[in-house]
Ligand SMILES: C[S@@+](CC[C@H](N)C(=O)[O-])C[C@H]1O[C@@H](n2cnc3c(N)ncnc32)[C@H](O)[C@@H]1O
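A lone chain, given as structure tokens: the form predicted alone.
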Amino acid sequence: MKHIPVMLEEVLSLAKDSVRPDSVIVDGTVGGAGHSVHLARLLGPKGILVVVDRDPEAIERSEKRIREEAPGEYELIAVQDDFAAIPDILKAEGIDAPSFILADFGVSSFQLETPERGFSFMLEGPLDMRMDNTAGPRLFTLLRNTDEEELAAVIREYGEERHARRIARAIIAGMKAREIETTLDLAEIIEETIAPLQRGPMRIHPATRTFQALRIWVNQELEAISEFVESTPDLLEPGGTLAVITFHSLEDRIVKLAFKKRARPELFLPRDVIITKDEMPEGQFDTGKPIRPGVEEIMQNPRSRSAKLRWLRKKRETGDE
């Protein structure tokens, strides 16, 4: 399985404006290391690359890949933890003021394509969905201990699914009847429940929104994102950049509002003086709006189609007006 990093050129364009050979770079969601391999190549002997991921398997794979594909004298620190813990991780490592912090909130190709992780409605696997598969309750446990009202709220809020109540009722009934044991069982129940209600051709699989909602619920993702975007801007060195890639409106709304609050002239640069349209690949940048993947990237990597890249750059001590 091949990991394709989303909006790689755009991320590197932002990084190059902040990173020096002796900088500290933090990748808070290293995943398959698609971004980190390239970010590591910006660093020299005094540079530090910190990679973080909740998934212990991702940490093991990414550390190996980075060392093989981006050899150098920089220091590589790999930590299995939540991206919201980055302030504590840097403090524990004695690291101050990163030049560049990246977070890519998407589920990795490895997680989706590994059936036993339970993320995909297309592959049969256990009802798990934990980013860190060594800790916390599995989806199966949560479903066995919830009720229709709570589950409907989860599906409605986190999946923005208008048929949330019907789906929740069907899932609860299926769990009680022991008809739901695997991801395919769950997807089938959802499809049977709402497919007859769909008008016209379905643009996405009927289980897409519900599986998204359940994954967010299992991993408490939105709480972690809120904590991350509130704490990390203050960690940046003057001139440092925080870049965040989101994949659905709930994530993007949290980031957008947090960045809007932070973009005060005395602390962070307004976007229209951070980077110009001509500096972005293929002229994708539109001042005041997130960067979106281009048509060519979406064709090569359909999973990138919903991605949005937002960033915030801290003012330098002098020269930024």
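Each residue number is its position in the shown sequence, starting from 1. In this text the structure is predicted, and so the values were computed from the model without any measurement.
Note that the form predicted together with this ligand isn't included here; everything after this is about it.
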property: Residue stretch of 254-262, 290-298, 49-57, 66-74 approaching this ligand in the predicted complex, non-hydrogen atom distance within 4.5 Å; result: 49-57
property: Residue among 78, 213, 224, 151 with a heavy atom within 4.5 Å of this ligand in the predicted complex; result: 224
property: In the predicted complex, the residue from 111, 193, 246, 232 that sits within 4.5 Å of this ligand by heavy atoms; result: 111
property: All of 5, 34 and 303 with a heavy atom within 4.5 Å of this ligand in the predicted complex; result: yes
property: is_contact(residue 106, this ligand) in the predicted complex, heavy atom dist at most 4.5 Å; result: yes
property: Close approach of residue 189 to this ligand in the predicted complex, 4.5 Å, heavy atom; result: no
property: 4.5 angstroms heavy atom contact with this ligand in the predicted complex for residue 131; result: yes
property: Partner proximity in the predicted complex: residue 82 to this ligand, non-hydrogen atom cutoff 4.5 Å; result: yes
property: Stretch 12-28 - residues with a heavy atom within 4.5 Å of this ligand in the predicted complex; result: 28
